[in-house]
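Next up is one chain by itself, shown in structure tokens, the form predicted alone.
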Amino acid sequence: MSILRTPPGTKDVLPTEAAELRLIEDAATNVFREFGYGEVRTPTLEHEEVMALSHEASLLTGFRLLDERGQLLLLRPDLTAPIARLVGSRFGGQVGPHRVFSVSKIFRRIPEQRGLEAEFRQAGIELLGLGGASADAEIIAVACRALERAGLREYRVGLGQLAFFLELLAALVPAAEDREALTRELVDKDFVGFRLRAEALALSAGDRHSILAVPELRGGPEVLDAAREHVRSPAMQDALDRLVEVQRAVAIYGYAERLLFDFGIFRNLAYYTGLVFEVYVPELGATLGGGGRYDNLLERFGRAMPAVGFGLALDRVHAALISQSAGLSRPVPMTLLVGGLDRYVELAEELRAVGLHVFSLAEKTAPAEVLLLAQQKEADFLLEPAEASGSEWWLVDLPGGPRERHAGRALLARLRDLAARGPSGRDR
């Protein structure tokens, strides 16, 4: 029955995965708030004409629909452009800088290829009204801290500089259409087309070498020395100096060792103007997220100001954590209570009142079914009456832990003790 499948690029999320995704989201948003970012929420639907102000063609190829008045709407394909609209229309008279974050689903039409998402949940921040390297460094530090707070251990941040390459093209390639074509091929990762087009240009051997070599520069701080050999203008030198400033500022937060310099980062959104970055893990073939500086976007929405931000794809972060065996688990243990649905509702309520999660079963649930449910629901503890009166209970530390007998308040005290040590009695 193919009709029961989800559309390409979408998926169902079951309870265990949903709980783990919620933990990742909570970890990220707690870090955002620690840095002073306030949450904003934009509509799932945006007017096409508003999104067109971003000058980003890819944002206009998403899912479209008509409202009752015949106006064309888009399912939100991005978080940054809607936030730019919000700031332009709702923040007039407020003094900057502004720090905002959003956690929302975004929707993008995709070719039917395995591994691409048409719908995904993203958590991101925007720092609006500050233009220095220290603002860039804060954004990178927040991204790193959010990932580590979620439990990620192995990851790197690729740090690039669009302005460096764009200024190189401006210095060497006179025709705007040639510059745009070269950049587009890099964004599309058409490296063969990029090389063929560069080789067809009427350039000296040295200039052609620089155009081909710069997008290949990636590695540690030594890459910055290699980049200096290709500087052709003061604007290129300024862009390179900015990377050095950002590196020093990120080091203050303690994340310098996470950085890789990568002049081949060309993110697929045209509104980026300078610094760009992406987060990688060795286990995945896709980035976990990224961001950069977009100093010209807010002006199109009526509030000219510099801006920088990033977004994390929460599903990909979850996949990375699983691949690294990060041990995602519920912060509060789940207790399976036999009889909690009917005869022992009061006990179930007492357990919830002391902060435990309770999955209640009917009193007459068969023992085999109880064990099956305990496994399916990944319960941490099982409670079942030791006698008909319900004055004493068997407490089982799952899976396969000891079976203890407790009565009255001793039972609650024991459960509180186990809960304090985390799911399945593990130390938090």
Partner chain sequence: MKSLRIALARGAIFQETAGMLERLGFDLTEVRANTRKLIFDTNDGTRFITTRPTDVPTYVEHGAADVGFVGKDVLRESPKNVYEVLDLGVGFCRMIFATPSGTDPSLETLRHLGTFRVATKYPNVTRDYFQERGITPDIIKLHGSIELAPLVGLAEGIVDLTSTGTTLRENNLVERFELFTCSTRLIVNRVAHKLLAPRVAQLAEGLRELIDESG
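Between two forms, the rigid core is defined as the largest C-alpha subset superposing within 1.5 Å. Numbering follows the first chain given and starts at 1. Remember, it's a predicted structure, so these values are computed and weren't measured experimentally.
Heads up, the form predicted in complex with the partner chain isn't pictured, but that's what we're talking about next.
Listed range touching the partner chain, judged in the model of the complex by heavy atoms within 4.5 Å, from 233-241, 70-78, 301-309, 279-287:
Of the options, only 279-287 has residues within 4.5 Å of the partner.
So in the model of the complex, does any heavy atom of residue 265 sit within 4.5 Å of the partner chain?
It does: once the partner chain is placed as it appears in the model of the complex, residue 265 has a heavy atom within 4.5 Å of it.
Residue 188: touches the partner chain in the model of the complex, heavy atom cutoff 4.5 angstroms
Yes, residue 188 lies within 4.5 Å of the partner chain in the model of the complex.
Would residue 195 show up as a contact with the partner chain in the model of the complex if we use heavy atoms at 4.5 Å?
Heavy-atom contact with the partner chain at 4.5 Å: present for residue 195.
Evaluate residue 218 for contact with the partner chain in the model of the complex, applying a 4.5 angstroms cut-off between non-hydrogen atoms, and reply yes or no.
Within the cut-off, so yes.
Can you pick out, from 110, 260, 322, 86, the residue that has a heavy atom within 4.5 Å of the partner chain in the model of the complex?
For this set of options, the contacting one is 260.
Work out which of 156, 352, 184, 121 lies within 4.5 Å of the partner chain in the model of the complex, going by heavy atoms.
Contact residue from the list: 156.
Would the C-alpha of residue 209 be classed as shifted by 2 Å or more between the shown form and the other one after rigid-core alignment?
Yes, residue 209 moves 2 Å or more.
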